[in-house]
Structures are given as structure tokens and as C-alpha cells.
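Before any questions on how it binds or moves, here is one chain, the form predicted alone, in C-alpha cells.
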Amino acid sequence: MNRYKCIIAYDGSDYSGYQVQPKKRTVQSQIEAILTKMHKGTSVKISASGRTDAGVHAKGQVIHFDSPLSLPEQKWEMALNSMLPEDISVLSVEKTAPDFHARFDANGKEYRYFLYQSPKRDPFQRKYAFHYPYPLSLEAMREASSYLLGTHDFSSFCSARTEVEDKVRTIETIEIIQEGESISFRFTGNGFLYNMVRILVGTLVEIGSGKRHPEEIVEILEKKDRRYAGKTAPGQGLYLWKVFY
């Protein structure tokens, strides 16, 4: 049995998220269906570095699967891409160690979130960025970001629906960059909780708009209660950019 590691990209607009869900179109179910077809009906399951929600995209999601087939890596890539829908792309395939695990071996991730401030809606960005047509203070958002760096209990920035008990995570970098009417948020860290990046962005936007003060981040972290943080930013602006091993 061979184990293969794949880096994949997908447009999450028309999916109910990454993870398999009954009677719903998901990224995982699409890939597993193709792999099962390649194995003549034998079910093939994949494991990913983590799940993404409905409408969320990925530039560098990592998955692995096991197969008795010994195709060259380039053949795997070509075969999968020839059968997958156009909104999923296999960027690379490599044979890896038998004990490699896409989720448990990951030691960090990078997420990016995109927002645009045009006074008018752009129909070509509606599925790929958050439209926020109001002024934002980058200075205030960057100051607030400084309080988020390091190791903290991020319970306040996690969906109440999560089943994870340990909510301590380390954020290594936060970059907020403006180019014209577009603002990008870049987060890197050792791991992120369910909806964490979207709640962080939603809170930073409230600070940038003047509804909150940057130093409120300290109190929000101390409360360890989701009710004290800002709204969850829409899913379409979020991208799983890279997974580190």
C-alpha cells in the first residue's frame, strides 16, 4: 500500500464545505468519488489538514490517501485533474512516508482574508471577497492585531459549536495590507479554531470602523467568551493559503 500527499486548490463557492455531509456537495466527496472510480469501485477515503466551511476557498489545502496503485506522481496529478470538476485542482502529488498524516503532522497554517471597499458592489468579487463599503482605519486594526500575537486562549474567537476543549493557540504573524480598494489580512500560526480567522477579521473590522477600541482585544481574550468578540466575517473572503510541515 502506498500513501500519497496532495496539495489541492478549490473554489468553495458552490460547496457546503470541505467535509463530507449527507446529501450535500462537498470537496471531500468529489475527490473520494473520483478516487473510488479510479480504483474500480473500491472506496478510497482521504484525510485533510483541516476542514473549511461553506463558501470558503483553499489555495494550499493538503490531503493524503492510500492506494495499492503505483502510478508515477505526475500521472496521478494528470488523472485526477482530468476527472475532477473545474473548481477543484490538484497542484501536486508526491509519494510520502506510510505514517504521514495531513492533519496530525501539520505544525502551522497560513490563512488569508480579502475585503474590498468599493462604494458599489463588484459582481466579479462577490464570491471571493467581503464587500465592506465603509472607511476603515488600518492603524487601529494593526494596533489591535499586536495584542493578538503570541500564545493565548482564543475561546472568545471560536465558534460556540466547536467540540475542541483546548483553545490555546499561537498566532505568529498578522499582516494587514491595503492596495487601492482591497484589504488583505494574512494570519500564520500553529493552528486555528473553528471560525477563528473569520471572527478575528470581524472583530478587527469593528475596530477599524471605530465601533471598538484596539485595546479592547485584551479584555476580549481575558473573557474567554464568544459573546464578547465581533461578528463572524462572511466565508467567501477566507482562503486556506498554506499548510506547514
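All values derive from a computational prediction rather than experimental measurement. We number the residues from 1 along the sequence you see.
Another form, the form predicted together with another copy of the chain, is not on view; read the next lines as being about it.
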- request: May I ask you to state whether His57 is within 4.5 Å of another copy of the chain in the predicted bound form, using heavy atom distances?
  value: yes
Touches another copy of the chain in the predicted bound form: Arg161 (any heavy atom, 4.5 Å): no
message: Quick check on Glu110: any heavy atom within 4.5 Å of another copy of the chain in the predicted bound form?
response: no
- request: Answer with yes or no whether Leu221 is in contact with another copy of the chain in the predicted bound form, where contact means some heavy atom within 4.5 Å.
  value: no
- prompt: Of these, 85-93, 149-157, 101-109, 136-144, which stretch puts a heavy atom within 4.5 angstroms of another copy of the chain in the predicted bound form?
  reply: 85-93
message: Using a 4.5 Å cut-off on any heavy atom, which residues of 1-25 would contact another copy of the chain in the predicted bound form?
response: Ala9, Tyr10, Asp11, Asp14
